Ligand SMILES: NC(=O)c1ccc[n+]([C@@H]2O[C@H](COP(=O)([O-])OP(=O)(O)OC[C@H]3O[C@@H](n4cnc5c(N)ncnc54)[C@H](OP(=O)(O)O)[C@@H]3O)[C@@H](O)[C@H]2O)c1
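Have a look below at one chain only, the form predicted on its own, in structure tokens format.
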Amino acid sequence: MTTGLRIGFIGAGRLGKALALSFAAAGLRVRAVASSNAASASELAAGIAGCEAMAQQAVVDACDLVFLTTPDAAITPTCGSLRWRPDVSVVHCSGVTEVEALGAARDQGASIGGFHPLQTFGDPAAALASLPGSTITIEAAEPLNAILVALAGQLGCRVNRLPPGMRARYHAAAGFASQFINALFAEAARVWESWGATEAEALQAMLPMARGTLASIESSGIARGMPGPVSRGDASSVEKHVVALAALSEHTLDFYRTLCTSTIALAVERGSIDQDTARRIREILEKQRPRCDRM
């Protein structure tokens, strides 16, 4: 199904680069690449055998399947600026943008779809290594759907199917397990800095712990894999946390209260605390806030 398929990319940023290199490494034919930054397109094409840097329209004309890996805001105007044909397919790789953004291509007879790797792309080299085993969310009608599923399989990825209209909700959910982790670490690092430790020292200490938590979630599930005082009904420790953080920063205390409250339902689901203990922990978290000294 993918044998001989000529694949092109419009957009040679972090995502486009990682995907194009991944396809090429999987033995797929990446025929052409275009970018608003000509140097980026040339650099990417030079790293893939048989690939050429071209103008955007030339990519469409030379390929059977075109990946629009531009920034989200550029998807619709880029698609609308090009001439499409019935025997070409175009997909975007945005998690939040609806496939309808490619409507101009569909109106000219092209097949359209979405192909979103559920992975971070801050570093293309790291993404290239971490992509196998990741999930790719696909939204397309047949026969394009079958082609995209086959491509995901050749990358060693799982497939998630998404119905129309769900992309913003899906993308927001992904944020809880991606960039919001950065916010969690930032808050923890600020607490470490309150006694003179550095961010680097905080990360060195906490990253192995975080990896252990992820391993527990992977093996036992979200509720059963949760560590910490709430999971074992240790209301006394929670109370000490509240007092300590109240003396530090109102923002930090509020952040802790919000997150800690969310873990109570997980502990109840796990069966490690009863409703009386859950109520006691909620009461501790809902006490009148003491006056905080700002950091």
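Residue positions are given as counts along the sequence shown, with the first one as 1. Bear in mind that the values here come from a model prediction, so they are computed numbers and not experimental data.
Keep in mind the form predicted together with the named molecule is missing from the figure; the text below concerns it.
Practice item. Using heavy atoms only and a 4.5 Å cut-off, determine which of 57, 237, 37, 261 is in contact with the named molecule in the predicted complex. Key: By the 4.5 Å heavy-atom cutoff, the listed residue in contact is 37.
Check your understanding: Since exactly one of 137, 94, 76, 89 fits, which has a heavy atom within 4.5 Å of the named molecule in the predicted complex?
Key -> By the 4.5 Å criterion, the partner-contacting residue is 94.
Point to revise | Partner-proximal stretch of 63-71, 262-270, 225-233, 46-54 relative to the named molecule in the predicted complex, 4.5 angstroms, heavy atom | key: After filtering at 4.5 Å, what remains is 63-71.
Exercise for review: Using a 4.5 Å heavy atom cut-off, state whether residue 120 contacts the named molecule in the predicted complex.
Suggested key: Output for residue 120 is yes: heavy atoms within 4.5 Å of the named molecule.
Practice item. Classify residue 15 as contacting or not contacting the named molecule in the predicted complex by the rule of any non-hydrogen atom within 4.5 angstroms, answering yes or no. Key: Close contact exists here: in the predicted complex, residue 15 approaches the named molecule to within 4.5 Å, heavy atoms only.
Exercise for review: Residue by residue through 136-168, tell me which have a non-hydrogen atom within 4.5 angstroms of the named molecule in the predicted complex.
Suggested key: Heavy-atom contacts to the named molecule in the predicted complex: nothing from 136-168.
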